[in-house]
Each structure stands twice: as C-alpha cells, then as structure tokens.
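In structure tokens, one chain follows: the form predicted alone.
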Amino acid sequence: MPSHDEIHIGERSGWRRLPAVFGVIGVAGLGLGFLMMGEHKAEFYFSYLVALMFWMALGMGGLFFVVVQHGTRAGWSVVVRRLAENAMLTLPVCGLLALPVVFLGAHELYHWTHLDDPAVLNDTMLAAKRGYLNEGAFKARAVVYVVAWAALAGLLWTWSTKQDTAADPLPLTHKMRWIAPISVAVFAFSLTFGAFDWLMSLDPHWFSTIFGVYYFAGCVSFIHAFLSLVVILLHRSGHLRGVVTPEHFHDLGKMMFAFTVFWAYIAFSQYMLIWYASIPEETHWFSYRGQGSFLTLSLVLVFARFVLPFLGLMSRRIKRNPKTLAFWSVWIMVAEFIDMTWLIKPVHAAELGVFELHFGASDILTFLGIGGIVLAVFTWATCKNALIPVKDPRLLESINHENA
C-alpha cells in the first residue's frame, strides 16, 4: 500500500495555497468582467459562454469518467478516479455560473428570444420550434440540468470520500455501482439537450442530431488530458509516484488518442452529411465559418483537434513519457478552447456582418474568472481528502496494473 505522504497533500504543500489563489483570480476576473461590460453586453456574454462551456467540459468529462468506471467495474482507473471525482465536483459551481447566461444574457445570445422583432415573430421555422425554444422552457430545462449534474456529482463524491473511512466499504461500493447505469442515462440526455440549448440554439435555424455527441467527445478528451497533466504535476511534488505508473499514463494517453479519433469521426460525419445534402438551412452554419479569419480558425481546428494529436499520440513511447504526455495534454485542452471559440464566436460575428475573430478583455477576464473558480473548487477537493480511494476493493489491482 502507498505511504500516507504519497496520497495526501501535506499541510505545508504549495497545493494548499492554490484554492485561495485560484479563488481570488476567479472572483477578480468575473468582477472586472461584469464591471467593464458596459454597453458591450453581447460581446461579454459570447465571451462568457465560450469560457463557461470550456470549463464545464472538465466537470462533464469527470462525471462521465466516474460513472463509466463504476459501471464497468474497471480496475486500472481506480488510482486516478478520485481526481476525476474532484473534477466532477466542479459541476455544481458550473451550474451556478451558467445562471447569468440563462437568466441575464439570453436576450444577448439567443436570437429566438427577440419576440419584439417582427422578423423573429413571423419566422416560420422559429414558430414551428416555439414549443421548445421559448424562454420559460429554456430556463426550466437549465434548472433541471444543473440540479441533475449537481445531485449526481455530489452524491458520488460523498459516497466515495465516505468509503475512505468506512468500517465496511462494500455497501458504498455497491451503491456507486448500482447508480452508475442510471447516471449514464441521465448524463447522456442532460448533456445532449444542454448542448442543444446553450450551443446549438445560438443559430436556431440550424440543427444537427449529433451535436450533443460532438460536445461530449470534447468533454471526454478534456478530462483524460486534464487527469494526465494533474498527475504529472503531483508526481513533481512527490505525490502518487508509487501509485500512478507509466501503465496508467499509457491508458490515459490511449483514451486521449481514441477520443481524438472519435471527435474527428463525429465532426466529419456532421459536415459530410450536410455538405452532401446541400440544404441551405444546414449549409449556412458552415458557410459563415468559412469566411474571413473564421476560415483560418476552421483549418486550425482540423489540425489542432485531430491531425497533429492523432500523429503525436500514436506512439507507445510518447504516451508513457510524462514530458511528451504533458505536452499533448496541454495541446488537447487548448484545442478544446479553440473548438468552443469556433462553435460560439462566429454566430456573433455573423450577426454583425464582420467575419473576423476578435479577442478582447472580456475573453481574458471571463476565461480567468470562470477558470479560477472551477480550479479553486478542484484544488480544494484535492487537498481535502486522499488522492486515491484508499478502501476501494480494486485499489491493489489498479496499483499493480500492467498493459498487455
């Protein structure tokens, strides 16, 4: 079994200061962002939505990782599952951070809310969708998503941490395994419809039945990259060195590689079917992403999200080497941010008729603000309990795990 110091953050460790540091950055970033918003409300809320959906991908990826490991009774992942649980615990905070989008910024973000505009009121397609795309239903669904994510994350995290001190850990183990299949179903529906509501409805004339899967692929890539990077940083500070081995790095790298390919498959399927059908209601979504600097961003996304990480993560040696794995972990997280920018920013530009990518103070402040608060929660949870579920029945199997 690992020593106490390997799996607990010491009182004098620099990790103990991170929750306060990130918390200050987060509060200051969001506070300044809202103060500087002024008359540029639309620009601020589009920047806010990019940052929100990027950081929410961390929590959603963490939730998926945890419920799948419990549902499949996986052994290899036990030593990194607690870190995923801590990432999952950021979902209640992300839910609260989503409230400004739903209740304050909806009119700036979503064209279909402008019922005072005759063009919207008399739009045949929007009229057909009004039973779903109306502000009352939009807000009610958002509350359901937030409550569902917070409940699942809080329950699974609580059971897992209680297991560490339980006299008999098996009842809690069985509870987590029992709830996992239900959690997968709740996760699938809530993430899909959340992506429809908060991302796809930015352009209410466009629709894709696999859009939720597209966002899901990014979430799963993100969590595996994040876990790899955090473990590497913990190793540098003397933690988990005898617990998380190159075998686990190899598996995390394989998952990063697999979901890089999966993202490309979903993205290409969505694009190819729309291109082949050539229906104007569908092709216009891609057309304004092919103009001005958004064309450059589209090409960057193809290489940053698929081509280069596909080639870079193919080698076994790269996945087992902490330095090269850390590089590709950061790369994949940056690619996720590029992806969220590509999904969201062109909508605002198209409304203004200016097809140029613009980054300003609101982009920086919202990214730091939401990211600071999310990372404050993650680091607080990481310092609060053991870094691994110490009484999980499969812990020794995980520590001794070897790839064939």
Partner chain sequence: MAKRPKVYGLLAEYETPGELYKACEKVRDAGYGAWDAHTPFPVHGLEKAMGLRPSVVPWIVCVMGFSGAGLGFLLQWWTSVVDYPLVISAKPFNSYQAFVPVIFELGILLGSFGAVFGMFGLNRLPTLYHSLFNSDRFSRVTDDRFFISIEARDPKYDPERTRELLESTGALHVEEVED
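Numbering follows the first chain given and starts at 1. Every value quoted in this text rests on a predicted model; they were computed, and no experiment measured them.
Beyond the structure shown, there is the form predicted in complex with its partner chain, which is absent from this document and is the topic of what follows.
Student: Can you work out whether F268 and its partner chain are in contact in the predicted bound form, taking contact to mean some heavy atom pair no more than 4.5 Å apart?
Tutor: Although its partner chain is absent here, F268 would touch it in the predicted bound form, with heavy atoms inside 4.5 Å.
Student: According to a 4.5 angstroms non-hydrogen atom cut-off, is L311 in contact with its partner chain in the predicted bound form?
Tutor: Yes, L311 sits close enough to its partner chain in the predicted bound form that at least one of its heavy atoms falls within 4.5 Å.
Student: D5 versus its partner chain, in the predicted bound form: is there a non-hydrogen atom within 4.5 Å?
Tutor: No - in the predicted bound form, heavy atoms of D5 and its partner chain never come within 4.5 Å of each other.
Student: Report whether the minimum heavy atom distance between M272 and its partner chain in the predicted bound form is within 4.5 Å.
Tutor: Judged by the heavy-atom cut-off of 4.5 Å, M272 is in contact with its partner chain in the predicted bound form.
Student: Tell me, out of S278, S287, T72, T209, which residue has a non-hydrogen atom within 4.5 angstroms of its partner chain in the predicted bound form.
Tutor: By the 4.5 Å heavy-atom cutoff, the listed residue in contact is S278.
Student: With the partner removed from view, which of 129 to 137, 187 to 195, 154 to 162, 260 to 268 is the stretch that lies within 4.5 Å of its partner chain in the predicted bound form, judged by heavy atom distances?
Tutor: That would be stretch 260 to 268.
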